[in-house]
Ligand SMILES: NC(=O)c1ccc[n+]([C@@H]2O[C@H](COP(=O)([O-])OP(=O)(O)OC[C@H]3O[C@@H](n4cnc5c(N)ncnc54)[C@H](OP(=O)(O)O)[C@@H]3O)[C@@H](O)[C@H]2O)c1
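Okay, here we've got a single chain as structure tokens, the form predicted on its own, with questions on binding and movement later.
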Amino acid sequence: MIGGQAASAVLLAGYDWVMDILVAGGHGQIALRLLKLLAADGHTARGLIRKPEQAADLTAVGAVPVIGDLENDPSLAPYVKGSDAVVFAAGAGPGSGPARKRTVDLGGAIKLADAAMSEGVTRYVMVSSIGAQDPSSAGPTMQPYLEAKAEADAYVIGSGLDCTIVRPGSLTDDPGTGLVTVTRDLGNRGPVPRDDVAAVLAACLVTPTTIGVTFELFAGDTPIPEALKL
């Protein structure tokens, strides 16, 4: 069991609806954790992936693989169609150059927002990054990434979608605890397990008070449901 799954089950207990949720970047480490949580809670968890050979990993966690190219497809509307919510969890990765950060971290997020708007899907949860409030303070390696994230966040916020912008701290593979620190005061630093990031994303999808909110996320000592009373 992925750590944090128990926490998500508690969070979603009492909700009697199920959703169709498309997660862009579906083979990423956070995305796979999130898809597993969503599928375990009865939702239709669909992961958008580029490589067909990744499909088995999604199927193994109970998710539905959706083959598509976030970066190069002219529109993501065919994949978004029928969804109740979308999550942007894609990224060009640390080995990529500034150009791909523009086409994936920025362009992909914009393309997903445009597809959501065209298909009448209002709920959008974004995995962003700490430091995106001030990209110019970063070094030359990180600055293009944070600039892409900042512009993507601004586009989604300005789109009119029911969005939540989640800015996790330094990601670790420590087991999730279900205990976090959430703050709307930006500019902090600290670690957070990927398990707990996934659990928070799952919780945001069923927590209307997170709509319209940008927050940073770190390991902490507050249970996720209480931490999301923003």
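Numbering starts at 1 and follows the sequence shown. Please read these numbers as outputs of a predicted model, since none were measured by experiment.
The discussion below concerns the form predicted together with the named molecule, not included here.
Between the named molecule and the residues D174, D57, D162, D69, the one pair within 4.5 Å by heavy atoms in the predicted complex involves D69.
Three-residue candidate spot K36, D41 and P193; no residue lies within 4.5 angstroms of the named molecule in the predicted complex by any non-hydrogen atom. The named molecule is not drawn, but in the predicted complex it has no heavy atom within 4.5 Å of G178. The named molecule is not shown here, but in the predicted complex it comes within 4.5 Å of a heavy atom of S170.
The named molecule is not drawn, but in the predicted complex it has a heavy atom within 4.5 Å of K51.
Looking at V127, you'd find a heavy atom of it within 4.5 angstroms of the named molecule in the predicted complex. Looking at 116-124, 153-161, 132-140, 70-78, the stretch with residues near the named molecule in the predicted complex, meaning non-hydrogen atoms within 4.5 angstroms, turns out to be 70-78. Contacts to the named molecule in the predicted complex (heavy atom within 4.5 Å) from stretch 76-95: A89, A90, G91.
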